[in-house]
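Coming up is one lone chain in structure tokens, specifically the form predicted on its own.
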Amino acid sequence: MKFFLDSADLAEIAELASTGLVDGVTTNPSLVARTGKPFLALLEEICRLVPGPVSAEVTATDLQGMLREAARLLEVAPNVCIKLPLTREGLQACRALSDRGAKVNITLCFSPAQAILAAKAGASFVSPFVGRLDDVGHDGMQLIADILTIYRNYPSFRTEVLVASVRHPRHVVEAARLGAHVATMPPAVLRQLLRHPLTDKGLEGFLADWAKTGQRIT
């Protein structure tokens, strides 16, 4: 499973990318707005920090506007992945961009039917939002299971399931158990995956016992 960071915070991305655990980054207009930085310059810097796909979302809602914005975003770096909404125009733009060899992430997916359309349009990734579905009383992880089942029926589908709106480590673990290709998560969730109180307790005990020996390895 690939891990993407859902963030536009350069310091957070740089710190966690240095662990070697980060395979890509997803951004959106809200995350970018919180930084207060110019979008294109910010995107260029993120692309330098992470060699994998960096999703950059268009803000136009019409087909031609999406294609113009996508063309500009693709000029920023070779690892830019164009993020498009799951609308009719977004799917049309996806088909056009995918046919030209661009990577596309179709976002705001909330149903298996929508995920089928994303695959038909040639998307590199489809982003089902599990946390937002949970928030309104639906089972977000069931959506992931349904999409994966459908995609496995059709070997010609090349779209990867990118689990988005991840709220906690359980979402990541369950997505991995189901066989999702990617999970994108806030930096805090990636840090939570690292932590377990028994790991801390065990390490503390090992070091205490070692200190009693008076030895050093170097």
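Start at 1 with the first residue shown and count on from there. What you see is a predicted model; the values in this text were computed from it and never measured.
Beyond what is shown, the protein has a form predicted together with a small molecule; the following relates to that form.
- At the 4.5 Å threshold, heavy atoms of T159 stay clear of the small molecule in the predicted bound form, well away from it.
- Remark: V54 does not count among the residues lining the small molecule in the predicted bound form, judged by a heavy atom distance of 4.5 Å or less.
- A residue is said to contact a partner when one of its heavy atoms sits within 4.5 Å of a partner heavy atom; H138 fails this definition for the small molecule in the predicted bound form, lying far away.
- Within 4.5 Å of some heavy atom of the small molecule in the predicted bound form lies at least one heavy atom of A164.
- In summary, the region of this chain contacting the small molecule in the predicted bound form, judged by heavy atoms within 4.5 Å and restricted to 59 to 67, 168 to 176, 26 to 34, 188 to 196, corresponds to 26 to 34.
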